[in-house]
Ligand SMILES: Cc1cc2nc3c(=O)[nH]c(=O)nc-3n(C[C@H](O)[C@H](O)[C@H](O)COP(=O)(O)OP(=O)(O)OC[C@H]3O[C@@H](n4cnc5c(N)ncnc54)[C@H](O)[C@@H]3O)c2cc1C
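Okay, here we've got a single chain as structure tokens, the form predicted alone, with questions on binding and movement later.
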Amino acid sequence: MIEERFDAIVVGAGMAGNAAALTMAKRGMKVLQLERGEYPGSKNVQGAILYADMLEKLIPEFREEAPLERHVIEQRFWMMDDRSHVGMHYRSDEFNEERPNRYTIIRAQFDKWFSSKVREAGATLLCETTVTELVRDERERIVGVRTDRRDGEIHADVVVLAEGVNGLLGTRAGLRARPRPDNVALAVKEMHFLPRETIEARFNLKGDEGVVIEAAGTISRGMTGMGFIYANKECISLGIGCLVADFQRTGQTPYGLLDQFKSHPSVAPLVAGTEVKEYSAHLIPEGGYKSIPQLYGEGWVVVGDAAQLNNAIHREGSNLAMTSGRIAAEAIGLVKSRGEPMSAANLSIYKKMLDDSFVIKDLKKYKDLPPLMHTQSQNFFLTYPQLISKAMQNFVRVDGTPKAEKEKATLKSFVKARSWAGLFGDACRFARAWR
């Protein structure tokens, strides 16, 4: 056993773990952070969206030194069938502001930089270290961790679990249930490399401007899922994700969906001639508010993806992870400043603080939408995209057919695919879930 005792041990060096470790270290606490990868970010080769407001609360000057790719000035939404897409987008020059709101990043580079700021603040980081179990005392309180290192038992006043959605530490200890397949998505991603000027020409960008494309429809073959494309400086992040339960049910393969997505007529020109250098798979929590586990206990708290804190409706994850890590650390710091033990009763302030934040308020507002999208996936991700595409083609194609006949044919196709009662029922359920 390592004799040195810490104020806190943080398991994981992703967004949530780094936010927690940094916040506590800045408060002068003795923090040990454990990461099983070769270095923080070594298991995250994919691109991602960074939300500036949340990071700014942790590192106000981050724009001066963080490895940022592009600031996002345009958001596109595509509803796709097999040969077309119906789209809407928002682009604003206001996003070319001095302090942009969103950035594309490459997680391997960003996580490594984020971790360096944690160490600068005074935290101790041990990489290539797997935590095998939580250590309990005679009263069943968590008092530390056991690792795969020699003399690997380490004690602390509190343990912060930031191990990701598929982390086994909390489930093995009985602190949370293993996520159900219908509450977790598997996303597969590729990095397509191109010269910077080619990317800017294809996406109508200049300088460090960026664009994000999010797509849904028949690309997921009736499963609950989405595709995405991020323009980085010299590469394009492209991927698609669907619920694990749907992959199990249909027998579809993630890489098969990805190949079909990048071959789609709307996508293929964007990645033509690229060199694919990196491929990764990643589990994402999708259960929403109703899947959030117990967030605290005797000597422990859970943050980020491990706590199912992901807004699937708005596709937000990193901001919820950083915010939950920061709030957990602030709660721990408050308990410590009072000279009180890290009991469940005292750590319950973490949940109260999180409940008062946008994290829980947003997840609670849309608590019924993820289940609705999961149970009605054939309608929302297959039938309706096909119908909308057919309606749009009827609207724009001029071939001598009277408009009244076209409109009648469009309505007939909707009713044939889904009865009026079914359409009305889906609309009502969606409206109730959204309000």
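Since the structure is predicted, the reported quantities are computational estimates derived from the model, not experimental observations. One rule holds for the numbers: they count along the sequence shown, beginning at 1.
The same protein also exists as the form predicted in complex with the named molecule; that form is not shown, yet it is the one meant from here on.
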query	finding
4.5 Å heavy atom contact, E163 to the named molecule in the model of the complex	yes
Partner contact for T129 in the model of the complex: the named molecule, 4.5 angstroms, heavy atom	yes
Proximity of L205 to the named molecule in the model of the complex, heavy atoms at 4.5 Å	no
Contact flag, M54 vs the named molecule in the model of the complex, heavy atom cut 4.5 Å	no
D157, E316, E298, E209 - the one with a heavy atom within 4.5 Å of the named molecule in the model of the complex	E316
Partner-contacting position among I59, I49, L382, L369 - heavy atom within 4.5 Å of the named molecule in the model of the complex	I49
Proximity to the named molecule in the model of the complex (heavy atom, within 4.5 Å), stretch among 346 to 354, 78 to 86, 331 to 339, 163 to 171	163 to 171
Members of 211 to 233 lying within 4.5 angstroms of the named molecule, judged by heavy atom, in the model of the complex	F228, Y230
